[in-house]
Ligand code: HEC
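Okay, here we've got a single chain as structure tokens, the form predicted alone, with questions on binding and movement later.
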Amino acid sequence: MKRILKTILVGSGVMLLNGCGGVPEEKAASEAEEKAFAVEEVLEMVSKENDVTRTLYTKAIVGKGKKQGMKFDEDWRKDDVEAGPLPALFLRGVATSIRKSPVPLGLYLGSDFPVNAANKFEGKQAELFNQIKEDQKPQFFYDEDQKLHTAMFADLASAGACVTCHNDHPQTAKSDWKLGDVMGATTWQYPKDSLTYKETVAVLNSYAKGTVDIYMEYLDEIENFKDSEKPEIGDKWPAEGNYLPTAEVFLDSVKKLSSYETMKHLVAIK
């Protein structure tokens, strides 16, 4: 676990705090305390990391995995269900890990047509979600009731697996979803209006750790399969057969796809 965490955390920018990338340790330490980012900027950074991770999981693991006979189910944690988490439950697992961390970052997924009625947007969020459906632009506001800075980002039907699952679900409130539809919005919350460099990296790292936690929980679940064929876990992906990447291989792919944009924000001169 420690080696895997080191891989992904470096990809999220913590290496700058260790003096890598041409940044001296003393300067990096100073910037960690002084350099501030607006909360909207930080939530947009972590949202982009989430987009990359979820898209990779949805398309490369769930979509391709189903073609190999792998199963994914909302009850995947039950003892009698041998399956992995659906994309929305993968996100929920990340959110659960974040809640257990010392970082005061909130994350959840909502919609106007959710499978779970508890995830239906109401009030201000329902109003802003209507705008998101129009232009797919993020919405930022301060939640007076919770005293939290809040950001909402469009959650698109980016893969056939999303569309099929939601259209066929017995509790669905909408059965005509199509690829590209705005199915919902990921909502992020944080109590402060600005963050130091160090706090920003902590937010990114808490998300990265959440990704590690839920993916490794899925791999642990596979180890307990009794009746289903277990995919071979290593450096291959479902597109190649009955394979799944290790957590390290999966997260290394996330890092390669997302770290450049994140790093550009972290090293930008204000």
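So that there is no doubt, residue numbering starts at 1 and follows the sequence shown. Just so it is clear, the structure is predicted and the values come from calculations on it, not from any experiment.
One more form of this protein should be noted, the form predicted in complex with this ligand, which is absent from this view; the next part is about it.
Look at 38-46, 205-213, 221-229, 54-62: in the model of the complex, residues with non-hydrogen atoms within 4.5 angstroms of this ligand sit in 54-62. The listed set L148, L105, L109, I132 contains one residue whose heavy atoms approach this ligand in the model of the complex to within 4.5 Å, identified as L109. This chain lacks the partner; the member of Q125, T196, S158, S97 within 4.5 angstroms of this ligand in the model of the complex by a non-hydrogen atom is S158. Across the proposed site, M70, A83 and P238 without exception lack any heavy atom within 4.5 Å of this ligand in the model of the complex.
Though the partner is left out of this view, N119 does reach within 4.5 Å of this ligand in the model of the complex, counting heavy atoms only. The closest non-hydrogen atom of K78 lies beyond 4.5 Å of this ligand in the model of the complex. Among residues of the shown chain, M183 is one whose heavy atoms approach this ligand to within 4.5 Å in the model of the complex. In the model of the complex, none of the heavy atoms of M152 sits within 4.5 Å of a heavy atom of this ligand. Counting a residue when any of its non-hydrogen atoms is within 4.5 Å of this ligand in the model of the complex, the hits in 78-99 run L86, P87, A88, L89, R92.
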